[in-house]
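Listed next as structure tokens is one chain, alone, in the form predicted on its own.
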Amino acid sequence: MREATAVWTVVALPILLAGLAFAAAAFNSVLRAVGAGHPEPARALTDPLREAARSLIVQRRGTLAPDRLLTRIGVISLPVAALLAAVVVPIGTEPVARLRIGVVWFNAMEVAVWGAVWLTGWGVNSAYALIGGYRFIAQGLAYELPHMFALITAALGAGSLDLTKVAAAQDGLWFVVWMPVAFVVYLFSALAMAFWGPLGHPVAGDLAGGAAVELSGPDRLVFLAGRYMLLVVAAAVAVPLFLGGGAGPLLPAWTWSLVKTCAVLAALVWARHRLLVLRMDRFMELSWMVLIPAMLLQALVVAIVVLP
């Protein structure tokens, strides 16, 4: 019975991740239509489908002397890293792969995204794309420490690096209640991790699209899908870390996990349309001067409460 459940979960996970990624893309499209005063914002729900269909049939374009192998490795690595990060996230009470170091695994797959974006920018042999790739590396160096401290603080509160045990440790009081700084810093770093909204510098308009500027056809579709999948995984990991996992009344645990994931995902998508773009130098200053000290103080408070 347990083996059958594991097999079903392995099959269902990519479908669930792709479905949530499409939902995020559709919600983002609707918000963009509403913000632009579109007369029929409901039509925006089908925009991701139309864009996907167009990407599948459009002719690929290329630059002079690109490294196609590195480009394809970078493009494909983005959704693969998101999928591998998702295997340790509990869907209800159990993940696809229960690792004792699930928090470390998630962080490692997230760092793999740095290589994916950089390879994509490097391989196409374009100045704008290359600058976009280097921007993501610089952004990663700025957000990774506060992000890592947020993960460590939640793990310290539970006394475990297993995401399932972290969620179970919140029985009666979710970590978001007594680790609010860690929760806010995690959400902020999630935007940077998925290069989304105010931290979308690697694919910003001032670089004509940055790392993704030369991608077309299926390559562009896979890259954008990977970006949305990464946003979904970031939202999903927030649930066992700070929101009690599948805990909740009446409904099954997997339903509560899905509901909470959708709520966090909606907040992250909404942030793209409500928060101003943060200049890279200001972001680095904010990270080193504000977020890291705030997280160290939050970790100290948690250590004082837990370790005695």
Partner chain sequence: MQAVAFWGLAAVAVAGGIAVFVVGSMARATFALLASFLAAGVELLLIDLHYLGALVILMMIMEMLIMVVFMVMYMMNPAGLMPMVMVHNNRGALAISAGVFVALATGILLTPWPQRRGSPPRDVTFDLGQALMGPKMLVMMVIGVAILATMIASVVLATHRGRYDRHVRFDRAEPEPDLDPARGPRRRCRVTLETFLLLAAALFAVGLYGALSQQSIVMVMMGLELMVNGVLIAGGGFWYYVAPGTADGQVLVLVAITVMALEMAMGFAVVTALFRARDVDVTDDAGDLKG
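The shown structure was predicted, so the numbers you read here are calculated from the model rather than taken from an experiment. Positions refer to the first chain, counted from 1.
The form predicted together with its partner chain exists for this protein as well; it is not shown, and the discussion that follows is about that form.
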Taking any heavy atom pair closer than or equal to 4.5 Å as contact, tell me whether residue 250 reaches its partner chain in the predicted bound form.
no
Please determine whether residue 89 contacts its partner chain in the predicted bound form, using a 4.5 Å cut-off between heavy atoms.
no
Might residue 119 be said to contact its partner chain in the predicted bound form, defining contact as any heavy atom within 4.5 Å?
yes
Taking its partner chain as it sits in the predicted bound form, is residue 170 in contact with it (heavy atom to heavy atom, 4.5 Å or less)?
no
Any chance all of 104, 107 and 111 sit within 4.5 Å of its partner chain in the predicted bound form, going by non-hydrogen atoms?
yes
Here the chain appears without its partner; judged in the predicted bound form, the stretch of 234 to 242, 171 to 179, 184 to 192, 119 to 127 with heavy atoms within 4.5 Å of its partner chain is 119 to 127
With its partner chain taken in the predicted bound form, which residues across 126 to 149 come within 4.5 angstroms through any non-hydrogen atom?
134, 137, 141, 144, 148
